[in-house]
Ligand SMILES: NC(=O)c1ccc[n+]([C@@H]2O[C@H](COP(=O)([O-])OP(=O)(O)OC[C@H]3O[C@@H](n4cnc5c(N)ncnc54)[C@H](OP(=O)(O)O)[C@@H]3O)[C@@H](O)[C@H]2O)c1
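The form predicted alone is given below as one chain in C-alpha cells.
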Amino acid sequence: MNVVVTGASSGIGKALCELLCTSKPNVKVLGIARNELVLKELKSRYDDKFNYLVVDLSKLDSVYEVVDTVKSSLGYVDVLVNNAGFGIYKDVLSHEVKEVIDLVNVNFITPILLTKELIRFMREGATVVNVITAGIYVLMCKLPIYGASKIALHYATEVLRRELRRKSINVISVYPGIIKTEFHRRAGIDNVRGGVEADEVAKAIVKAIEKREKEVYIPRYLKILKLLGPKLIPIS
C-alpha cells in the first residue's frame, strides 16, 4: 500500500505515519512536511517503509514537487491523506494579507490541487482522506480564517465524493475536535485544555480506510453536530 500524508512531521500526520509503518507490512509512506529534522528521524526508524519530501504547502508550486516525487518514488498512490493545516488566533481584520493567503492555500487550495493532480496515479479502490475539523459546525470567532478555509474544504469534499464515486475512489471526511497537538500553541494560545491524543485520530483514520467509511468524527459523539448542520453556533 502506497500512502501520501501531508503534515507528516507533527500531530495527526506524524502519528498516522508511525501507525502505518508499524502496523502495515507492505506499506510505503511518503511524508510531506516542512520540518526536515523530524522527517529524517522517521526515515531513520522506518527505513524503506518511509520516504519524505520537505516542502512548504502554502506555496502552490509545492503541489508539483509532490507529483514529481510520487512519480519517481512510488509510481502509484493507494491513499492520499490531506492532513496539513494550521490556524491563527486573530480577528478577521487583524490578519495580514500573507497570513490569509497562506491559511487558505494550506487548508483548502493545496488539498484540492493535490487531489486533482494525484488522481491519475490512483487506481480503483483508492482512497482520499481530507482532515477537516468539527469546528465547521460552530462559529470559531478566535480562529475565523481557519474556520472559513476548513468549511470550504468540507463543501468541496462533499462534491468530490460524488465525482470520484464514478472512478470507485472512496473519499473520507475526518472531523476532529480538540486534539492534543501543537496546533493551538502554534496558532498563538497555550491554555487549551482537554482533547484526544493524536494516536487515537490516526487509528480512526486507518480503520476508516480499511472499512471504506465516508465520515469520521473524533470523539464520535461530535457526530451529533451534523444533525444541526453548519449553523455556525458562536463560541468565544
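Counting begins at 1, following the sequence as shown. This one's a predicted model, so the numbers in the text were calculated from it and none came from an experiment.
Below, we turn to the form predicted in complex with this ligand, even though it does not appear here.
A residue is said to contact a partner when one of its heavy atoms sits within 4.5 Å of a partner heavy atom; Tyr52 fails this definition for this ligand in the predicted bound form, lying far away. Although the partner is absent here, Asn170 lies well away from this ligand in the predicted bound form, with no heavy atom inside 4.5 Å. For Val29, no non-hydrogen atom is located within 4.5 Å of this ligand in the predicted bound form, even though that partner is not displayed. This ligand in the predicted bound form comes within 4.5 Å of a heavy atom belonging to Glu182. The single contact residue among Val206, Ile178, Ile189, Val67, judged by any heavy atom lying within 4.5 Å of this ligand in the predicted bound form, is Ile178. Contact annotation for the candidate site: Val81, Ile151 and Tyr155 all lie away from this ligand in the predicted bound form (no heavy atom within 4.5 Å). Heavy atoms within 4.5 Å of this ligand in the predicted bound form are found in one stretch of 155-163, 70-78, 84-92, 118-126, which is 84-92.
Interface residues of 200-218, taken as those with a heavy atom within 4.5 Å of this ligand in the predicted bound form (partner not displayed), are absent.
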